[in-house]
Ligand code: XUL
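What follows is a single chain, given as structure tokens, in the form predicted on its own.
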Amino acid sequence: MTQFFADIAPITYQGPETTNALAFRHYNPDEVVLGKRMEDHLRFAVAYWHSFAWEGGDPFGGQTFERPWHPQDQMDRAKIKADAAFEMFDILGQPYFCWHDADIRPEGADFSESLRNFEEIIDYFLAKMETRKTKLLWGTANMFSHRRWMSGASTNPDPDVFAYSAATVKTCMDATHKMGGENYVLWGGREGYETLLNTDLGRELDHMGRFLNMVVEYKHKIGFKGTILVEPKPQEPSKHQYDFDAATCIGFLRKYGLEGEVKLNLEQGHAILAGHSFEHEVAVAAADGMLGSIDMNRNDYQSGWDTDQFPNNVPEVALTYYHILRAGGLGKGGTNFDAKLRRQSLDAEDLIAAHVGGMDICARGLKAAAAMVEDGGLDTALRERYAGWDSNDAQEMLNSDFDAIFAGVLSGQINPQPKSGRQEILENYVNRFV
């Protein structure tokens, strides 16, 4: 046991009237929403990288956090970090967590030493998981921080980096499989370009497509039953990322024959960077049957970059979960808090309170979304708006051709008049629930 969270008791649900900063006001894991426990809808996960590996730096300043596991360059401190992490999972009652390889083990002098460190900490995790409820939602590889990845991983102009990437992902998939992980994620990292002056776009995309096919092939070879996910992001750290948004990723997956094998892990902050809303990205993925999992956070709308703050906007969250519920839920996916403290929030209590607040916001959003689903007002509005397409004439038109349609319009039988989209009325409707 560590002393990092020594004075913090397990968080309990105390209801909306409580003033206790370290209590759930809305998240009651056993509350039944649309026939399912709230915990089973939301499937919360803690992001190991932001909660434990991040040291509080930003582009203009270095480390602000001082943790018992700093500096993160020795195996004994990696185990102290794991001890603290699992203590936090217990305090929050977290069902899941997520990691990158570089979050959980120190970098070795070469690949073999890094692998030994990685395998040792995975076994350390497994021993802890034997007596706890917390499971692995997904694992992934950090192929963006070390200088070897400065020109990308699978898209790197150096084939040796492609090989190193493949070996790295293999080890992370093996570990995820060993831990019973329910998904495996590939984030683009530096899979993009800084300038087109030295970039062969076609070749890089083909290499990225082949790499992802190798991932799927290896999944089946080892018998991994989880879902392979890719995560859209338009920029940062590269000037342009090849996985720009949900629609771009769906097109990429179809081009390389992966639409039946890979789904999307969508992040709120990345949606904003791409000029979209989170509900848009979820709806796009759901429309193509590619909604896999979500990273819940928010960006500061004044900053223009990926600030990874904890969510605090119930209307945004409610509309996101509305589309998730209409799509049938998250399945094997979950709600991962890809969010970090502000670099001035130094204390262990801050880390717990941030997750408590985020979980409450998601619970409020889920309940509002469920209430809208049960009420059916938005579904009714959709049916009414598209009712004309349910007629026999409309369906026959879809199966005809331009000449037949032209004749019908020319005859004077068709003279459409615009109808209100009723957007303000629908916005007011949503506000009744949030």
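Quick caveat: nothing in here was measured; it's all calculated off a predicted structure. Residue numbers run from 1 along the displayed sequence.
Unshown form predicted in complex with the named molecule; subsequent notes refer to it.
- Proximity to the named molecule in the predicted complex, taken as heavy atoms within 4.5 Å, picks out 230-238 from the listed stretches 168-176, 210-218, 230-238, 310-318.
- Contact with the named molecule in the predicted complex, judged by any heavy atom within 4.5 Å, is made by just one of Lys332, Lys135, Arg298, His100: His100.
- Residue-level contacts in the predicted complex: of Asn183, Thr140, Gln94, Ser154, one residue has a heavy atom within 4.5 Å of the named molecule, and it is Thr140.
- Taken together, the three residues Trp187, Glu267 and His270 all lie with some non-hydrogen atom within 4.5 angstroms of the named molecule in the predicted complex.
- Of the heavy atoms in Asp288, none are within 4.5 Å of the named molecule in the predicted complex.
- Taking non-hydrogen atoms only, Trp69 never approaches the named molecule to within 4.5 angstroms in the predicted complex.
- Taking the partner from elsewhere, Asp245 is found to have every heavy atom lying beyond 4.5 Å of the named molecule in the predicted complex.
- Contact check for Glu87: every heavy atom lies farther than 4.5 Å from the named molecule in the predicted complex.
- Residue Trp49 is the only member of 28-50 with a non-hydrogen atom no more than 4.5 angstroms from the named molecule in the predicted complex.
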